[in-house]
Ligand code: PHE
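Shown next as structure tokens: one chain only, the form predicted on its own.
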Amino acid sequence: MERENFGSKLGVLLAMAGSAVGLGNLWRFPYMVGVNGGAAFILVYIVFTVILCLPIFISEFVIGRRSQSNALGSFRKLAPGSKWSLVGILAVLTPMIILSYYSVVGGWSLRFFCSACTMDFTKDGTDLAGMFGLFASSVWGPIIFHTIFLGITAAIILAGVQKGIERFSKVMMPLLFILIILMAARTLTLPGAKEGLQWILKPNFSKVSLSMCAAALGQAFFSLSIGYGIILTYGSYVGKDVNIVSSAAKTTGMDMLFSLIACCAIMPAVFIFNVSPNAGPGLVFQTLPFIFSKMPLGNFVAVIFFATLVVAALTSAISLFEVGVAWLVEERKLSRKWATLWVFFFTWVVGIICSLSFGPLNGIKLFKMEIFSLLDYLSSNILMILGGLFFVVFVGWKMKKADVREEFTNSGALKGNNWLFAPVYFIIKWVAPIAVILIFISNFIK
């Protein structure tokens, strides 16, 4: 069976951007900014993204394109007979875990989009703010929407790399930026938006700590989709004529830009209506409905926002889904149809358990966390960071430097990348591993 590839350079860029831009930017980033003190967190996040995460992104991209194989097959192909295949197993397992709880949040997004289209947001804001808690803690509603969201994702994956992932990304990524810009424009024109904007733009460096740095790195990993095999898998579908460095830089830039616009769309409104910015994971679902109820044209803004949330969730969910499908198709020799069904079934079952952790299973806690929060912490603070560490160590220490340079410069065709190779390779080999290890250790320092 001939292996599928992306059909165009634009398709590569938008698919990569789609994997990065998602709920990590719209759902996770604003509440992480709120919990960690605003502009100081944003500044640390930007520094880590450019200095550490971009080289890690390039490393993962190099592994995928060099091997032209799935997350597990890449390490078997590039380091045959070694224990590096264990990293491949980690790179397959992590996206499956993330997709399980991510699709629950995707289901919430879908449910709130339906509500935004049908309800009157000018009603009592207290009822609207409490709607999330009632919905998330119920049994069947979240499971139904989790199933619908996962089913839509599976349908896109089933269509294949070009007809599914690439075609969807080409349509949805421009739409996603249009929607979030509309949302931000409405928020920033509200009276009193200046205070919220200042909170985003003026850093208070007393907020900087080891735990905040660890949270910023975890957010950068989560947002860019690095460290868990997505970029590796997508990179394996990329032709040898694509500039890896340029694609990685553009994807990183689009991801950061979207995160900042999302913050500008949400945080000023939070301050205008005297809502606590550190509301946590419920910020988007509990706080914003209340804000929309008080905002002129609130119904219109609510529809735009939750439409953006659903589209963002889908663009990232398909990239998570594809990692498992590629592994099953290439390593287990399943058809794409059966591979899609197996990934759907696994993530659907684990997702149901995550969903019920807000309701009937709320009393079950491991390491003082309910199941949903435990999987989020495990993925963002441990598995992704370990994956990113292993990727840069593999590229910097296991692969031949000449092979890395060949991918970096497209066999010497990209003359402009020659002078970039030495500093980026130095970061990959020395700076990134040491920095990631130190920040990873800080997760366990209280």
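Start at 1 and count along the sequence shown; that's the residue number. On a predicted model such as this, the values are computed, not experimentally measured, just so you know.
This next part talks about the form predicted in complex with phenylalanine, which is not shown.
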Heavy atom of Leu14 within 4.5 Å of phenylalanine in the model of the complex:
no
With the cut-off set at 4.5 Å between non-hydrogen atoms, does Ile98 touch phenylalanine in the model of the complex?
yes
Under a 4.5 Å heavy atom criterion, is Leu23 part of the interface with phenylalanine in the model of the complex?
yes
Contact flag, Ile230 vs phenylalanine in the model of the complex, heavy atom cut 4.5 Å:
yes
The single option of Trp108, Phe306, Trp327, Phe222 touching phenylalanine in the model of the complex, heavy atom within 4.5 Å:
Phe222
Heavy atom within 4.5 Å of phenylalanine in the model of the complex: which of Ser319, Ser169, Thr153, Ser103 fits that? Just give me the one.
Ser319
Where, among 24 to 32, 63 to 71, 386 to 394, 407 to 415, do residues come within 4.5 Å of phenylalanine in the model of the complex by heavy atom distance?
24 to 32
